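We begin with a single chain expressed as structure tokens, specifically the form predicted alone.
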Amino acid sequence: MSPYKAEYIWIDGTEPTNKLRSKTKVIPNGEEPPVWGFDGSSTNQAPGSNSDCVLSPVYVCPDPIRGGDNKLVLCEVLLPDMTPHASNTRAACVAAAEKYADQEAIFGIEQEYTFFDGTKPLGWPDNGFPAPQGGYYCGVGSDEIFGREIVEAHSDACIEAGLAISGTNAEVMPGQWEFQIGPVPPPQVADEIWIARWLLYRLAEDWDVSATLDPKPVKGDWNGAGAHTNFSTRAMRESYEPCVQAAEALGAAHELHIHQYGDGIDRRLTGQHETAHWSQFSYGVSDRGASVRIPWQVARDQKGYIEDRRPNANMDPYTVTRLIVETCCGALAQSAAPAAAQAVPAS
């Protein structure tokens, strides 16, 4: 039997926003992708005098681009002693998920992005600007929608790879789109966001188009790009009060979160264009101008989930999901503890 190609994908050490890297390994058919390595001095992850870094596979799926038996292999970066590299944020996400596994947290992440044709958003005129925002969101027609063929190819690729993609839509700014991954638990949701990002970048190459996660790709009266993060625990899916408690816990930890929700967050969260100001926290039912939105059906049904609207498109999904799990699950665990103590009969 013929060998197969495994595309090893990892997150580098570029700051303030990490980049994706990948390279191909040819593997004998029937063998699983092994631990591999790379030159960390070329990815901002090691000095040239001690450059070896380790690629440890954590998520393997079919390669929808090459097809056949070929695979995509998402890896976390380790040091030669097999401990997590400083740039490896997945390890801490795994630890948080395991600590609060009994709460059965799940996430749905809405990944916005913008197609660029050279130095301008795809579909924009060479000079000046397109018509003001209004008809582009979930629009139809070649005068308002640009890049749909790439979006369809990306959606199909995510499905063929077995990712939990749950939808796509055109966004408010022309040339801007969104795909959604979830609901699935951490760290899986973050693993799949990274794979889906890689597929987006790779497929856009075939159209000579780039996709950017810049949170404010065009200055002025144009929407930025976010990664709205929907979250629930089992308790939230069963009753409303834990949803409110989770929102209030996020408010109490606003400073901790906001500075880890993606570089340039102050450029996007201005208090305009369906955002709350980055320096303030608010939550409300059906309020897209709040930091955290409680969907109307959640208030009606008295159970469900909440949406953290603060994360940037360029956020690290391992960091964001870890922070939300630690903050919300930690608060819910504390609130449940006194109730559990009261329920214990006196001896």
Ligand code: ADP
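These numbers were taken from a predicted model, which means no experiment stands behind them. In this text, residue numbers run from 1 along the sequence as written.
Below, we refer to the form predicted together with the ligand, which is not included among the displayed structures.
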Interface check vs the ligand in the model of the complex: of Thr275, Asn230, Gln103, Asn223, the one with a heavy atom inside 4.5 Å is Asn230
If we test each of Pro217, Gly108, Pro242, Gly147 for a heavy atom within 4.5 Å of the ligand in the model of the complex, the one that passes is Gly108
Given 195-203, 172-180, 113-121, 209-217, the stretch touching the ligand in the model of the complex at heavy atoms within 4.5 Å is 172-180
Fill in: Partner contact for Tyr305 in the model of the complex: the ligand, 4.5 angstroms, heavy atom
yes
Q. Looking in the model of the complex, any heavy atom of Gln133 within 4.5 Å of the ligand?
A. no
- prompt: Going by a heavy atom distance of 4.5 Å, is Arg322 a contact of the ligand in the model of the complex?
  reply: no
Evaluate Gln188 for contact with the ligand in the model of the complex, applying a 4.5 angstroms cut-off between non-hydrogen atoms, and reply yes or no. no
